[in-house]
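Shown below, as structure tokens, is a lone chain in the form predicted alone; questions about how it binds or moves come after it.
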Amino acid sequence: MTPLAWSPRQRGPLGLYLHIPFCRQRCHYCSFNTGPYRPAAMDRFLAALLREIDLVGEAEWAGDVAIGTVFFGGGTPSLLEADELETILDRLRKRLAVAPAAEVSVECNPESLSRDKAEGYRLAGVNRLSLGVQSLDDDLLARLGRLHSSQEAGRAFEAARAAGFDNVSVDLMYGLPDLDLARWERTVREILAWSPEHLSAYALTLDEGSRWAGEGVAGLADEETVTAQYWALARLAREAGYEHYEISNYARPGFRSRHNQVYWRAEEYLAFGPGACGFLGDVRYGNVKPVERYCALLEAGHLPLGSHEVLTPAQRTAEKVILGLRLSDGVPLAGLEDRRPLIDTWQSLGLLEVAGDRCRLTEAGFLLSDSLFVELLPAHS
């Protein structure tokens, strides 16, 4: 047996991520670690996942830490039946100290979420759902490779509400092929009319490993269109009372994603499942990606670790600054004193603002954040 060798630096709440690797169909833009859903493969995976939880629970430090957030990502976690998800959460509670008030989130695809399943999830201890809508345009949904319609997306949101969920997030994508500004604004207005507690919106990227990255896709939006859609979203969300608290995320007061803030604040988190990545102490680690290999290692009594990296103090500092600037809270100005000329330039361009001893990116800075972070890297690497 091989308990996790690295120990967390903190004894406060850790985040915990579980990767459910199966999908009924892979979306054309997706580059995540996923595989085709088959009941037999799911059964074997679940047995392996429970074994991984057991092994990590044998670490010397496991009884000394609390779990503050649990996030089921994928893949399509909502392929899990309620009793399967309950079994996972029960094992986590048995092996690790999951805080009574922990945020427990599950990513759900609309076509695989019914009221009965949502009720089962809530009774198992889930208190937050993240609904992968992406678009309310049926032609675009089909083009993306999604399996749901706009009507099914609305029904899934209603099912979550009927099941008693008062913390529901919706995911959208902009910059999609042939998506004009008017259609995007109609989608945003309709989603905001649902009144979700949280909204995530990401610009399309063609990442290596996705079908569209390999084969190409016609009708991609130009930079001007993507920029206009970003500003329209920011304006409409603000008018509806949402806080733009992270580059791609908006929330009603009190409903920021607690789990994702673990990442953005460079805090520590455990990871379970094939391809899942964790961070403990100064070590970033990742599990093996192939589901077959993941299961075989655990069946042999070994943790499925595939890689790890020990971060230097300089790398830790750089990550804290760059990740912190993703948040509207910003970062301490003292951490950027060595880049004062750069900070002054950004401030003069309206990309950053300084308030007291902290600095933060503006809405315009959020939009250009990728290029701004590249400018920061030479001093923090």
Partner chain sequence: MALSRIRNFSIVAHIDHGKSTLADRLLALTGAMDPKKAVDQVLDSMDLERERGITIKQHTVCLPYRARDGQEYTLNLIDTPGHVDFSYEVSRSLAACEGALLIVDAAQGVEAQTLANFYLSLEANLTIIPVINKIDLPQADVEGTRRQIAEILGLDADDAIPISAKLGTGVPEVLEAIIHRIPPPPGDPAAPLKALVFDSFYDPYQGVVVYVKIFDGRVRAGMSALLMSNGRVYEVQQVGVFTPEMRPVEELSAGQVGYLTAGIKRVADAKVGETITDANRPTVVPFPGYRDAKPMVFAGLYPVEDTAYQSLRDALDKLHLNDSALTFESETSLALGYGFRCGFLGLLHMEIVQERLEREFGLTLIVTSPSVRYRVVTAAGETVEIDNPSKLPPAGEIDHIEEPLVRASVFAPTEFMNPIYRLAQDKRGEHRALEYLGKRVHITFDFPLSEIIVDFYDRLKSISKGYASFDYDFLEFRPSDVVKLDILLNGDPVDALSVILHRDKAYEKGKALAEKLRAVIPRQLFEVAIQAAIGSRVIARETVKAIRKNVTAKCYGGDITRKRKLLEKQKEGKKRMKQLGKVEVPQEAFLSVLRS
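Residue numbers count along the first chain shown, from 1. Computed from a predicted structure; not experimentally measured.
Form predicted in complex with its partner chain: not shown, discussed below.
The closest heavy atom approach of Ser248 to its partner chain in the model of the complex falls within 4.5 Å. In the model of the complex, its partner chain sits beyond 4.5 Å of every heavy atom of Asp357.
Proximity of Phe45 to its partner chain in the model of the complex falls outside the 4.5 Å heavy atom cutoff. When its partner chain is considered in the model of the complex, Gly273 lies well away from it, no heavy atom lying within 4.5 Å. Not one of Pro21, Glu86 and Trp194 places a heavy atom within 4.5 Å of its partner chain in the model of the complex.
The listed set Arg115, Arg284, Arg211, Arg252 contains one residue whose heavy atoms approach its partner chain in the model of the complex to within 4.5 Å, identified as Arg284.
Leu311 is the sole member of Ala232, Leu147, Leu305, Leu311 with a non-hydrogen atom within 4.5 Å of its partner chain in the model of the complex. The candidate stretches are 86-94, 262-270, 292-300, 117-125, and the one lying within 4.5 Å of its partner chain in the model of the complex by heavy atoms is 262-270. Counting a residue when any of its non-hydrogen atoms is within 4.5 Å of its partner chain in the model of the complex, the hits in 217-256 run Glu223, Glu224, Val226, Thr227, Ile247, Ser248.
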